[in-house]
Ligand code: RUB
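We begin with a single chain expressed as structure tokens, specifically the form predicted on its own.
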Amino acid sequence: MTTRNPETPEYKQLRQTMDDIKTLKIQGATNVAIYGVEAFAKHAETVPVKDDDLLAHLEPLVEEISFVRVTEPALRNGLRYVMTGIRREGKEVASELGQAYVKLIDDAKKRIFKIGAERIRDGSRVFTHCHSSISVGIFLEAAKQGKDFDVINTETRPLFQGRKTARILAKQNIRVTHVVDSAMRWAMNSFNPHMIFLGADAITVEGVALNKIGSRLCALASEEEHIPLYICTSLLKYDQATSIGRLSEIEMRSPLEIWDEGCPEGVKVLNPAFETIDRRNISAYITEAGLIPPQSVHQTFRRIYGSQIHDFQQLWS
């Protein structure tokens, strides 16, 4: 048995989870973080090594897991949350730490739901793009509070995640108008929404958000139509590596998602999954710390989570 590839059930499950994240069987930044961190924590607690050998085994594994999908800082922060605790208390607390991180995510989301719902009033029209569990949670919380409002959402090609948003809201009797992605500017002009709620897969030190492709077009259209745009996300999606100069990467997914058969020879199909939203187009972030301006992301993250999540770059000093 080697510490690099220990033949334990927990290690095999971790490898399976990594494969499921890579092949998109596990989707959504929150789900990726939860499944990835829980699997890693169970492995860390059961791997048959300790002390320096333990860290020598886990650190490269953290790096490998971190970049199974490149645009997943919530996963990376979760892995660092577990590693920070292991360095302090030993691997015996790893599973407990994994569960604690999942609770951090859950508590943050519940608080964001309530804060975001305060922005919605009777008669509000809210525009959204793709599927964000936090944005949807805000809408459901507002409906639970008895508010009457409308949502305009996009279908989100090529995998149509926006349909998931429409189905969930319609099931709760929230009025939804569904449009193709390329009609988002037209929809804003036609329906004159009071605000735009977008999720985020990552946030950079500059306060830039990374979200589903089409989000920057949405932001630019919001500027043209003078509609405030809010990014609804936990600060656990802050990419700490951007504070030392690393650029957040844009994940390129399979072209087969766009054109899976009959594509003419010589046609190059590109499928970028995400794009950036400039902080100048963001009215505020709706987070577990309340509404904060884009330039306050780094300081707010450090204030709330700095003692619990030590990113690996900090070990250089």
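Please read these numbers as outputs of a predicted model, since none were measured by experiment. Note that residue numbering follows the sequence shown and begins at 1. Throughout, rigid core stands for the largest set of C-alpha atoms superposing within 1.5 Å between the two forms.
One more form of this protein exists, namely the form predicted in complex with the ligand; it is left out here, but the text below deals with it.
Trainee: Thinking of the ligand in the model of the complex, which stretch from 219-227, 197-205, 144-152, 92-100 has heavy atoms inside 4.5 Å of it?
Mentor: Selected range: 197-205.
Trainee: Closest heavy atom of Asn281 to the ligand in the model of the complex, within 4.5 Å or not?
Mentor: It does not: once the ligand is placed as it appears in the model of the complex, Asn281 has no heavy atom within 4.5 Å of it.
Trainee: Answer for Phe274 alone: is it within 4.5 Å of the ligand in the model of the complex, judged on heavy atom distances?
Mentor: Within the cut-off, so yes.
Trainee: Closest heavy atom of Ser132 to the ligand in the model of the complex, within 4.5 Å or not?
Mentor: Contact with the ligand, yes.
Trainee: May I ask you to check whether Thr46 falls inside a 4.5 Å heavy atom distance of the ligand in the model of the complex?
Mentor: Looking in the model of the complex, residue contacts with the ligand do not include Thr46, since no heavy atom lies within 4.5 Å.
Trainee: Assess the spot marked by Arg76, Ala209 and Ser248: is the ligand within 4.5 Å of a heavy atom from every one of these residues in the model of the complex?
Mentor: Contact check failed for every one of Arg76, Ala209 and Ser248.
Trainee: May I ask you to list the residues of 215-237 that have any heavy atom within 4.5 angstroms of the ligand in the model of the complex, in sequence order?
Mentor: Residue within 4.5 Å: Lys237, and no other.
Trainee: Answer yes if the CA of Lys22 moves 2 Å or more between this form and the one not shown after aligning the rigid core, and no otherwise.
Mentor: The answer is yes; the displacement is at least 2 Å.
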